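Given next, in structure tokens, is a single chain: the form predicted alone.
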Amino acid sequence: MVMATKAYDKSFREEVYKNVDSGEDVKLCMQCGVCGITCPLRDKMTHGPRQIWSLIRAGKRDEVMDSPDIMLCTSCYTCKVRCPRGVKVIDIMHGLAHYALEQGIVPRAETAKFGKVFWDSIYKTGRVDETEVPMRYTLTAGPIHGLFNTLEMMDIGRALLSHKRMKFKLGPGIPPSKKIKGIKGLKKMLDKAQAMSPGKEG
């Protein structure tokens, strides 16, 4: 009896090993499934981390890079703590999401928009301005949608202001967010870390 076999496409796994943070840790996975079972968002995922690693090994580039699951991680660290092989699950998931965005693939549009606004706030001021970030995020939908989104959130905003959990602003940058001391040094470190990312070393 002749069995039909199809060789795995190794090119995608090599791409992940080279370009994704801690991508080579995929080799360590023994498919026990602890990462998926312990993930608090497991019910929201089509493919848990273990299954994503299997798809990488099988060369299923589109299924992995287009998967919204790679942008769902909240960095709770449960999977990383409980993995018996010490696989850096969070690093790989965030690395895959970052690599997909670099390739122009956006598996979760709203998450990507919020992540960019969040990151811009940290890069420009060294902190997350709790008034500025939501304002800028709502405006990513455009000025009219942003206005309606803001009106929908007005009750929450009023409650946060009354409990001094948020500062009043007329709009994004009005008044400008306060920068931390040493913002230049922080930017220098962030730029250096980005230059040292996998696939970017000179």
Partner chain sequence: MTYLLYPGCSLEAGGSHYEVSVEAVFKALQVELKEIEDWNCCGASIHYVGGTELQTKTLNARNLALAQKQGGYDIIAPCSSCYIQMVKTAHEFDEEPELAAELNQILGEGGLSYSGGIKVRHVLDVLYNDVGLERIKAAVKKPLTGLKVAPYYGCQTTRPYGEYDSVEEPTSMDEILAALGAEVIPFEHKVKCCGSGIFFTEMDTCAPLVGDIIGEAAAGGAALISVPCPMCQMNLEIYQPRLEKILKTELDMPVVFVTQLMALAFGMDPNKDAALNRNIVSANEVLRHLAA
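Not measured: the values here are computed from a predicted model. Residue numbers count along the first chain shown, from 1.
Same protein, other form: the form predicted together with the partner chain, not shown, and the subject of what follows.
Contact annotation: Lys188 falls within 4.5 Å of the partner chain in the predicted complex, judged by heavy atom distances. Under a 4.5 angstroms non-hydrogen atom cutoff, the partner chain in the predicted complex has Lys116 among its neighbouring residues.
Proximity of Ile122 to the partner chain in the predicted complex falls within the 4.5 Å heavy atom cutoff.
Contact between Gln194 and the partner chain in the predicted complex is found at the 4.5 Å heavy atom cutoff. Although the partner chain is omitted here, in the predicted complex all of Leu41, Arg127 and Lys167 have a heavy atom within 4.5 Å of it. Among the residues Leu28, Ile37, Ala159, Ala141, the one placing a heavy atom within 4.5 Å of the partner chain in the predicted complex is Ala159. Residues are counted as partner-facing when one of their heavy atoms sits within 4.5 Å of the partner chain in the predicted complex; in 80-102 these are Lys80, Val81, Arg82, Lys88, Asp91, His94, Ala97, His98, Leu101, in sequence order.
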